[in-house]
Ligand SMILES: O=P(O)(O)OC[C@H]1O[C@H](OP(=O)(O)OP(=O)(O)O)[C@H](O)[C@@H]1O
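Have a look below at one chain only, the form predicted alone, in structure tokens format.
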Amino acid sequence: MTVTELLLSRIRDVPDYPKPGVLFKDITPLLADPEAFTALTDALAGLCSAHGATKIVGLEARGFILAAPVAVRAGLGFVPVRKAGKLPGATLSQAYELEYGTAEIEIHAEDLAAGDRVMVIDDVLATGGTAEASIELIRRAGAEVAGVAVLMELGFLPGRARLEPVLNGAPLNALITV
């Protein structure tokens, strides 16, 4: 069984969640399986190494679950990107558009610096709004974007098209596309 097959076999489809007509991709069975979670962690750590990352940014909240063990495995620092108002101290913030309204994320200003090559890790790439805002935060902190890596890309949504212009040639890797 390939890594992709293993990961796919541990993602559960939940129909009509969180609302009718939505097919939710539940990754909790994958996280509960040590073989699958290790394979995922190793695959993402390999991408960080291949792209020369020096730090990893994880996007709240499921991105934390994936990015923290990847940082440990890769021997890199982990920097959380949080919803506005959740981090103490000096922060950089970035607002972005949602389907209905706006949201804002923050990062500790001192956690990234010039010379850092940052890999953004999240569970799912959907519309790309949060990932795009995190890329802006990384650059505003003076660091470089090494790439974006996600477990799963929802290919029927415009996330990739939204991110490609702001990546400036940095790679966008999805282990699975559905």
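Note that residue numbering begins at 1 and tracks the sequence as displayed. Because the structure is a prediction, the values reported are computed rather than measured. We call the rigid core the largest set of C-alpha positions that still match within 1.5 Å between the two forms.
Below, we turn to the form predicted together with this ligand, even though it does not appear here.
Although the partner is absent from the chain shown here, none of 80, 117 and 140 has a heavy atom within 4.5 Å of this ligand in the predicted complex. For this ligand in the predicted complex, the listed stretch (140 to 148, 34 to 42, 60 to 68, 107 to 115) containing residues with heavy atoms inside 4.5 Å is 60 to 68.
Checking 126, 135, 30, 47 for any heavy atom within 4.5 Å of this ligand in the predicted complex turns up a single hit: 126.
Looking at residue 98, you'd find a heavy atom of it within 4.5 angstroms of this ligand in the predicted complex.
Here residue 158 does not count as shifted, since its C-alpha moves by less than 2 Å between the shown form and the other one after the core is aligned. Once both forms are fitted on their core, the CA shift for residue 169 between the shown form and the other one remains under 2 Å.
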